[in-house]
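First, one chain by itself: the form predicted on its own, in structure tokens.
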Amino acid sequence: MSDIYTYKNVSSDVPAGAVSPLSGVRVVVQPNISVRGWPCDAGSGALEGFVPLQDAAVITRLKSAGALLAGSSRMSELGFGLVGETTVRALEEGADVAVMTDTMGEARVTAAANGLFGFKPSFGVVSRFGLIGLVPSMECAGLVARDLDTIVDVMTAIAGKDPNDPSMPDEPAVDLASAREGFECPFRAGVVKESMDLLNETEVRSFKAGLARMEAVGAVIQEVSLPGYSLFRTVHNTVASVEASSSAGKYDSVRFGHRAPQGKNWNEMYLASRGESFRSLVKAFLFQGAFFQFEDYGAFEDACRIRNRLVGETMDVFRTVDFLVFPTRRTGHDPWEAASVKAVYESFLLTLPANVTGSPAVQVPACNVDGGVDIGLQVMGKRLDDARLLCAASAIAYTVPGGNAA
């Protein structure tokens, strides 16, 4: 087995020769998305040996649409960050699209670092049933692909109501059909001033080149302000660590996972097994959450209140613009090498707002400037405005000045 994959196999529920919306599309998934009969350890010793008996809702819908499941890539432990992630290498081996959890911006940052498209849908648009989650209120199934059309095709297949997922809001389903229609320009895009303050000179030049590309297809760029922007990191870190600590509490090493040989009773076995099952990065994150749960619960409550305020501030800005636009990543931070919780968060500062607010966001490859690197162009829309956002992203990516397709 290649070190790229946890498991590799090509399978589909559609008979050979049948034509379906995703016929022939090869999909690689992370091993925290349940596929019946496939190992599903979520990159953690806490789930060692776990094999699901049922497909996740996303997998069921992919198979029904004719997609070929090419394998499960290796992933960071429980989906926290990108350390050990091999999604892009799987795409290089021939997969057309990858399904990976986007908790902090993992799908978008992965795409930006490799000149690909990445998409995080609105929270509640895609079922989380069968997803081994870590941060239930912020994570969702993200997509990474070489072209935007594939992302639209896959989203059309996997989006929609699911009675098995109680976390899905009771709201009208998102109609993705309009994502294939032409976009009416001009549209208004707001550049968040506070995000620009995080960039160095080279990154600013690269980002402005991406903005020029937007203006060339009819976007009206204006500067906007999110006064609470610096709090997205604190809110995400506090809320996510508490949710992660709670979510990971169920891994007891009894039915599956690593079990420590020592221990005079079940409680000692449980504590020793958990201590050995989680690696240091995730363990530090869980310790943070446990602290807020049991020693400073007021800080968690404050973070939840501030999160609500940030959602309100973001919606206020959307009254003046159609979309918000950010760079996707910074050059001085490598999420694949992050060795601490602080380093992980430094790598995702520009993508956290979409996860905190539940908004859709799409990463569009921008362009290199003066031999520099592509830091990406991240466009964020209002929650449940996924179709319109994808349509705008297509206009940015595939239209050249003069209105012709690229």
Partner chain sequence: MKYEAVIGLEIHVQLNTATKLFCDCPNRPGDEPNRNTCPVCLWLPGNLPHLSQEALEKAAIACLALNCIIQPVSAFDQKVYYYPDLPKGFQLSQHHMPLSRNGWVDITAEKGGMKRLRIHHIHMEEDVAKLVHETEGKTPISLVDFNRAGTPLIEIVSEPDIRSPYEAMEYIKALRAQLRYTGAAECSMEQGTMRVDANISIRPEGTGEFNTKVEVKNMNSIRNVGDAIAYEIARQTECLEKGEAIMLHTRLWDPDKRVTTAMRGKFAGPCVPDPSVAKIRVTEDWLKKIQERLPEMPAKKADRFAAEYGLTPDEALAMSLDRDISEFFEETAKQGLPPRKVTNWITTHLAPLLKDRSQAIGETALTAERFARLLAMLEKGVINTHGAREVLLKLLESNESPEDLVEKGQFRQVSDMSELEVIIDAIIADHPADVEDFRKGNEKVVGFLMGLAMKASKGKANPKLLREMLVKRLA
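Positions refer to the first chain, counted from 1. This one's a predicted model, so the numbers in the text were calculated from it and none came from an experiment.
What comes next is about the form predicted in complex with its partner chain, which is not displayed.
- With respect to its partner chain in the predicted complex, the three residues 132, 247 and 300 uniformly fall within 4.5 angstroms at the level of their nearest heavy atom.
- This chain is drawn without its partner chain; in the predicted complex, the residue among 320, 230, 225, 164 with a heavy atom within 4.5 Å of it is 164.
- Interface residue among 243, 85, 203, 77 relative to its partner chain in the predicted complex, by the heavy atom within 4.5 Å criterion: 243.
- Residues with any non-hydrogen atom within 4.5 angstroms of its partner chain in the predicted complex fall in just one of 43-51, 353-361, 333-341, 66-74: 43-51.
- Within 4.5 Å of some heavy atom of its partner chain in the predicted complex lies at least one heavy atom of residue 136.
- Proximity of residue 266 to its partner chain in the predicted complex falls within the 4.5 Å heavy atom cutoff.
- Mapping the unseen interface onto this chain, residue 294 counts among the residues with a heavy atom inside 4.5 Å of its partner chain in the predicted complex.
- Within this chain, residue 252 lines the site of its partner chain in the predicted complex, having a heavy atom no more than 4.5 Å away.
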